[in-house]
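We begin with a single chain expressed as structure tokens, specifically the form predicted on its own.
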């Protein structure tokens, strides 16, 4: 059975683990190719205008798997709560319903559901269609392997990106599906490496920062990804980075709130901030110009002020 895995959203965290799990269960995972113009166009046609770009891209990958790869089923992560007392964006919660609307009639959809009752790596998180076909022990072994692969992926993401020179140190804050999708991010990390910049990403932020209470807020942030961005920004400020780049998807409600909080905190620390918003109309020329101008400004500022 060929099961399609969309290379979008939290695939950039858990994708390799999902592939390993399906292989260990005896299925053939088919991962859609890296995001390109075709996936974006397919998703834009399938989704409502109000949906944010990353979800549109996910829909495009789903359509590509169904219409081009002709897979037997599509794997859809239904992630509601990946850590205690914090939640994922509501649009993630509605993914299965949106996907069901664009799949060909009769094509199965396999969910990986985790919420308050179902731990991410528990047998209960696995779709019932798989649980009915396979022995529970085989599923447990596959989950154990997947969890190990996920741990290796986290180690890989936590490693330093870019140059280790004594030049510019730039912190980047973004959701993983914006930052690690080369097409959506306009290859931001590659551009920074080419500019010989030392880069910090949210995945490099120590756990003690990610789990600590964020000072100055009347109530805790309950969005997992938004809280990571906020914690990473405070960590960058503590490290004394030369500047911060905030890469955000236009139309993301939680991001608009968190982005304003981040801007205020960085201003208090005197750290330059570049905000880059992404949508299906974002042009590479304007993106590159703004990035180059920001790096030039930060370089001049550092040479003058130390």
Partner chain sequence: MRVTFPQMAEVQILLETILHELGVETVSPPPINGETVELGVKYAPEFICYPFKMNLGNYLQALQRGADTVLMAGGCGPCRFGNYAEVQQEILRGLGYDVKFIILEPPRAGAPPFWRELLAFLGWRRMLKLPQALGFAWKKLNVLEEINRKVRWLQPREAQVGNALALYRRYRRLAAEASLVKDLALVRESFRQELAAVPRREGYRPLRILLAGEIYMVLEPNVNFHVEETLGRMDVEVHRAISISNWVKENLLRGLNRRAVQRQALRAEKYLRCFVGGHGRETVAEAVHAGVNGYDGMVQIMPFTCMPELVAQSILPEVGRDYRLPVMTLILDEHSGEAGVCTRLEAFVDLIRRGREKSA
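Note that the structure is predicted; figures quoted are calculated from it, not measured. Residue numbers count along the first chain shown, from 1.
Note that the form predicted in complex with the partner chain isn't included here; everything after this is about it.
The partner is absent here; in the predicted bound form, the one residue of 112, 180, 223, 235 having a heavy atom within 4.5 Å of the partner chain is 223. Checked against the partner chain in the predicted bound form, the candidates 90, 128, 104, 206 yield a single residue with a heavy atom inside 4.5 Å, and that residue is 90. Using a 4.5 Å cut-off to the partner chain in the predicted bound form, each of 51, 261 and 265 places a heavy atom inside that distance. Segments offered: 137 to 145, 189 to 197, 151 to 159, 210 to 218. Contacting the partner chain in the predicted bound form at heavy atom distances within 4.5 Å is 210 to 218.
By the criterion of a heavy atom within 4.5 Å, residue 228 is excluded from the residues contacting the partner chain in the predicted bound form. The partner chain in the predicted bound form comes within 4.5 Å of no heavy atom belonging to residue 243. Using a 4.5 angstroms threshold between heavy atoms, residue 123 stays clear of the partner chain in the predicted bound form. The closest heavy atom approach of residue 98 to the partner chain in the predicted bound form falls within 4.5 Å. Interface residues of 73 to 87, taken as those with a heavy atom within 4.5 Å of the partner chain in the predicted bound form (partner not displayed): 78, 80, 87, in sequence order.
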